[in-house]
Structure formats: C-alpha cells, structure tokens
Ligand code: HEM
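One chain comes next, on its own, written as structure tokens: the form predicted alone.
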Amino acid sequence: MWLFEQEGFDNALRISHVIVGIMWMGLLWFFNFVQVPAFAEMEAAARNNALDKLTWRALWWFRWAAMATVVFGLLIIAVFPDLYDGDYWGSTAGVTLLLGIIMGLVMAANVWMVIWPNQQIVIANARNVQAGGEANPDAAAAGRRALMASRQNMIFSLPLLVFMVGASHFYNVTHFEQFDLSAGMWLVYFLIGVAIIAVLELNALGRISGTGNGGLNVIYETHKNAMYTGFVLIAAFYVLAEIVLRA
C-alpha cells in the first residue's frame, strides 16, 4: 500500500503535523483572545469554577498538541533526510524554516516548562478556594508567569506560521531564489533571527528586566499588543531578508 511506502508515510506525517499544529495554535489563540479577557470580567467565584471545569481540560489538549506538533515535525525531517541536506538549509526556504523550527521548540518548552507548571498552581488554588480553603499567595505570580509565556508564544506563532507555510509555498519561488545565500549570508540572517528569538524569550521570562514578570510589558499586557508585535516580527523578518539576502 502507498501509505506504507516512504512517500506515503511522509505525507501521513505532514497531515498529522498540520492537524495537531492547528489544534495547538487554536487553543493558544483561544487562551489569549477569549479566555484571558473573559476571566478579567468574571467574578472570582466564576473564574475559579471555570479554571476547575474548563481550563484544565483545555490545557490537557494544549500541551499534548504542542508535544505532538514537535514530534511529527521532527519525524518529517527524519523520514526524508535527503530533502533536508546542507543545500536545503542553506536556501531561503531552509533558513526560514529552521527559524520556524526554533520558534516552535521554544514555544513547546514554554508550554511544558512555564505555562503548565504555573497553571497547575493557579488551578490548584482555584479548587482549594472553591472547597473553602485559604487562597495561595503565590497563585497570582504564577498566573502572571504563565501569561507572559503564553503571550510570547502568541507573538512567535504568527511568524512561525509564515515560516512554516512559506517554506513550501513562497520562500521557494522565483523572487526568493534570486537572493544571495553565498558567503555565509544565510548564516548572518539565521544568527540575527536567533538573537531576536532569544531576546524576546528572555524578556518574557523576566531575565532581562530581572522582575520575573516580563521586561517590555507593553507587548504582553493585552492580546492585541501581542498580536501587533507578531505582525511586526513578520514584517521585520521579511525586510531583514531583503537587506541581508538580496543578491
């Protein structure tokens, strides 16, 4: 059967990667666009009940969709190593895809190492308060840390999607094939991209400001600000490609 041939298996992995990726991004946007603004308008009792009944379920699908997206993505590269050799990574499509992969890995790490551990504190506190217990004084700070990481993931999600889709659909067209990737210019573009990713991530984790609550708070305070920042990143990476990679 074609499905059990290498090409069929590769296509099955790609379909799976897309499905779980949509689930991951959809839940990420649900949390940022819907849940957080709604929680801000709720009474404490209603918010605690939603955390107990709704958020923990959504987080289960969220974190495992993130894991599955990463696993299927890495398997795609492993199945067809000849398509992802040094020449490919040195192309415009390759270097942008590589930056997208790094963003995805950082986002997945945020899900499992920042968002989920801190949300466990928040949800446990909500359940304890509903049962008549005392509120955990650490819950607010934990919620803030989870929010900063979630907003940063939202920022990354927009250029990530452009890079992932673009690798197959427009970074490999004639316009971008005219870019000069000789003399290591692709490496310059890549290193600048990695630096941007690192600065934003460290900023969201509070490693730059030292507050632990995010450095440039203006880009995290509202979901709209995070969305605008994501679109600015898309434009910045495109302009950077035109400047650094243009022949």
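Sequential numbering from 1, following the sequence displayed. Please read these numbers as outputs of a predicted model, since none were measured by experiment.
There is also a form predicted together with the named molecule; it is not shown, and the following applies to it.
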Legend entry - 4.5 Å heavy atom contact with the named molecule in the predicted bound form for all of 70, 77 and 104: yes
Inset, instruction - May I ask you to state whether residue 161 is within 4.5 Å of the named molecule in the predicted bound form, using heavy atom distances? - result: yes
Inset, instruction - Classify residue 235 as contacting or not contacting the named molecule in the predicted bound form by the rule of any non-hydrogen atom within 4.5 angstroms, answering yes or no. - result: no
Legend entry - Close approach of residue 18 to the named molecule in the predicted bound form, 4.5 Å, heavy atom: yes
Inset, instruction - Using a 4.5 Å heavy atom cut-off, state whether residue 165 contacts the named molecule in the predicted bound form. - result: yes
Legend entry - Contact stretch among 147-155, 110-118, 134-142, 96-104 - heavy atom within 4.5 Å of the named molecule in the predicted bound form: 96-104
Legend entry - Residues of 10-38 having any heavy atom within 4.5 Å of the named molecule in the predicted bound form, listed in sequence order: 14, 17, 18, 21, 22, 24, 25
